[in-house]
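Before any questions on how it binds or moves, here is one chain, the form predicted on its own, in structure tokens.
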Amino acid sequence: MTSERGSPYAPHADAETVAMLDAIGVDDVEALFDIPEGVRFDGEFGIEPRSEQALRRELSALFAKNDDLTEFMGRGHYDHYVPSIVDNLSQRAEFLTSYTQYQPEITQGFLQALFEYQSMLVELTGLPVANCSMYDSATALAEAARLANRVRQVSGTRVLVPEFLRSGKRGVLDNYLAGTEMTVETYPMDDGNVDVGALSELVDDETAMIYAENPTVRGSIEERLADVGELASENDALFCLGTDLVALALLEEPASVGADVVVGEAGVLGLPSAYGMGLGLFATREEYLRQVPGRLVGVSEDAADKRAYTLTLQTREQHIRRERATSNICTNQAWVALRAAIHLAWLGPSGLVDLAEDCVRDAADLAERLDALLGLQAPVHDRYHFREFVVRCDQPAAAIAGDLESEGFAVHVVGEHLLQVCITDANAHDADGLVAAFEEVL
């Protein structure tokens, strides 16, 4: 829509548009586009103008139709309380831009924030190199597999992943590797953790990478990660460990168990659960520095000897020769990484450890209370758990989950008689209500 004064979204006035079309020798704006008839819309949207007040009333009524459930759901999407300081700082005008921060001379503040984010990842993982984010944990895992294909001196191309792997993550991995010679195979789990004996039978010199998670998708804490790392090292395979920022505060440091690459979800801090939007963390050893996908922010000194930040490494083909590019991944999650860094800094080392310890304690307490109910066994896996655990129920799991929804609670169904429950600081205050709801529906 244009007019004499333009519109808020297309600010050019009619006269300006005509002048520009004349300058390039085109009759009208439509001549600039080649839109197939099958997808062309040539009509009216039928949206009547409304006042702001009327629009707010209408949208409020529409949103009120959504189910208002208290969620105890996890499996990769974790809701932790996000302090208001995260919104207040991240929404400052200096940080809100639709552009990535390519120009160090005008974006020193944002580059410094990303450098701090990278530094926190380095401290938490024990690995010396971290990039300034990826889309989500699934793309980070897929990029790790492709890195393994480049850096390992093995003839094989097998990627071994756990039997229990979130389907969305496995789907992205398969898509990434579909155009390569790499293949993905699963190894079995033993009571929720890696079956190291079975894995040792599968690993050979055809294995390019072994992937393990801590905690697992079922919330159990892996107890033999060092053995997995040793298996990978003995067979010259890359050891990739999946985890998240909160878990890293408490569980074994990835570098200490032989991890070559750490991937996972950094959006557990700074974001409410978004069911799609993520923040992929990626850290690795220094010897793989030039193979890291995405971007790295570095620090140096300018001509006046002042500290200066810049994008030190960008390995995508837009920036370097195609044959030297390691990845075609484009957008990083700069603003989301900024929010995670603010949340991390606000928590501080002791606050982060306290939050992680709550994830273990609350999960154990809730599992114990559910296990006391007739018809439930929790947790199914006889392990320590982080945030979440699996519950076995005598009745069909789908029916129980449906009845819990009627009581105002949402949990995952992961098997015919298996439910999965996740508890964090965001929903712990409703644990009594969940237990009471289970008692009601059993």
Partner chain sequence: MIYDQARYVENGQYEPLLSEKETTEVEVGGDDSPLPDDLTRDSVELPDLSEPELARHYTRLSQMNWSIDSGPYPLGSCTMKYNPKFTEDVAADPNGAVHPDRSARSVQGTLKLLHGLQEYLAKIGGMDAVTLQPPAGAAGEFAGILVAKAYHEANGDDRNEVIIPASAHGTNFASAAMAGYDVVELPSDEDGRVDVEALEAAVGDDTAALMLTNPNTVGLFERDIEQIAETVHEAGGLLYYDGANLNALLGRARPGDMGFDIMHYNVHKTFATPHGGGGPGAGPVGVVDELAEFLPSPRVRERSSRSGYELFDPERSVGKVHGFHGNWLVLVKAYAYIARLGDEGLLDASAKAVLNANYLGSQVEFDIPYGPFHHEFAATSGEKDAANVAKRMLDYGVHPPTTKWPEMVPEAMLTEPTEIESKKSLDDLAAAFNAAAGDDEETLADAPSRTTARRIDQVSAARNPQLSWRALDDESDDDA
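Residue numbers count along the first chain shown, from 1. Here the rigid core means the biggest group of C-alpha atoms that line up within 1.5 Å when the two forms are laid on top of each other. Keep in mind that what you see is a predicted model, and the values were worked out from it rather than measured.
Just so it is clear, the following notes concern the form predicted in complex with the partner chain, a form of the same protein that is not shown.
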### Query
Just one stretch in 171 to 179, 235 to 243, 194 to 202, 155 to 163 has heavy atoms within 4.5 Å of the partner chain in the predicted bound form, so which one is it?
171 to 179
### Task
Heavy atom within 4.5 Å of the partner chain in the predicted bound form: which of 368, 206, 253, 287 fits that? Just give me the one.
253
### Task
Work out which of 82, 189, 184, 249 lies within 4.5 Å of the partner chain in the predicted bound form, going by heavy atoms.
249
### Message
Can you tell me if residue 230 lies within 4.5 angstroms of the partner chain in the predicted bound form, counting non-hydrogen atoms only?
### Response
no
### Message
Can you tell me whether residue 396 touches the partner chain? I mean in the predicted bound form, with a 4.5 angstroms heavy atom cut-off.
### Response
no
### Task
Flag residue 433 as yes or no: does it have a non-hydrogen atom within 4.5 angstroms of any non-hydrogen atom of the partner chain in the predicted bound form?
no
### Close approach of residue 96 to the partner chain in the predicted bound form, 4.5 Å, heavy atom
yes
### Task
Could you run down 209 to 235 and flag each residue that has a heavy atom within 4.5 Å of the partner chain in the predicted bound form?
221, 222, 223
### Task
Would you tell me if residue 32 moves between the shown form and the other one by 2 Å or more at its C-alpha, with the rigid core held superposed?
yes
### Message
Given a core-based superposition, decide whether the C-alpha of residue 428 shifts by 2 Å or more between the shown form and the other one.
### Response
no
